[in-house]
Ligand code: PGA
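Encoded as structure tokens, the following chain is the form predicted alone, with no partner shown.
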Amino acid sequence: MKDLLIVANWKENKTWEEALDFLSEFSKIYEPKPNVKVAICPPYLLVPEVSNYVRTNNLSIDVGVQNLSKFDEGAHTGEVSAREAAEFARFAIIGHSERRALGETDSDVKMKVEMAIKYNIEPIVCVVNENVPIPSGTKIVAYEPIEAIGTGNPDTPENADRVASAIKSKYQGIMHVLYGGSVTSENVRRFTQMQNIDGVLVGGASLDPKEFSAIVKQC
């Protein structure tokens, strides 16, 4: 069985009380699998608390962040640096299409990846197709076609596998290609069974502890 990575992207959702309810429920029904790594990426304000909960309760999941500053430190109001995030996070989602829609460029993504690697955070670089530049040092890529994000209309597993294969062929250092875009417990297995897809990046379905645990179980 190949190793899989399942990443929850909570986006701009959940208060700490709601996150605590999720973690409490999820920890009761979550069944760890030896070949499946699970990571949760909550909003920044929740990252320390979620990290502490995971450590205190000895849960076999990792914590990540949804973005990083492209700067090391300094007078950058509102930014969170990789150095600061590294205390709590193992992964960082970088270059999500929702960030790019706000003006994030390929150059910004490259700088953020460099910051993540400098502080031993594993970047998960998001691309909408195989033609988007992927910075050197990237080992995990998430293919998320814009038309599939939050629409309930996922890509076909066959096309997602084609894109994943093209990415791996073009960039020899890529270890994992995840699929993201309207992932559910009903369709996740069809994606993860494809030869070149090594996991999923889950948005809306990751907000429900029962649905997210079902996604993990199906992998």
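Small disclaimer: the values here were computed from a predicted structure and weren't measured. Start at 1 and count along the sequence shown; that's the residue number.
The same protein has a further form, the form predicted together with the named molecule, not shown here; the description that follows concerns it.
Proximity of Gly173 to the named molecule in the model of the complex falls outside the 4.5 Å heavy atom cutoff.
The named molecule in the model of the complex is approached by Val183, whose closest heavy atom lies within 4.5 angstroms of it. In the model of the complex, the named molecule lies within 4.5 Å of some heavy atom of Lys11.
The shortest heavy atom separation between Gly203 and the named molecule in the model of the complex is within 4.5 Å. A single residue from the set Ile140, Ile121, Ala148, Ile134 has any heavy atom within 4.5 angstroms of the named molecule in the model of the complex; that residue is Ala148. Only one of the listed residues (Asp72, Glu98, Glu114, Asp106) places a non-hydrogen atom within 4.5 angstroms of the named molecule in the model of the complex, and that residue is Glu98.
Shown alone, this chain has one stretch from 149-157, 189-197, 31-39, 64-72 that lies within 4.5 Å of the named molecule in the model of the complex by heavy atoms: 149-157.
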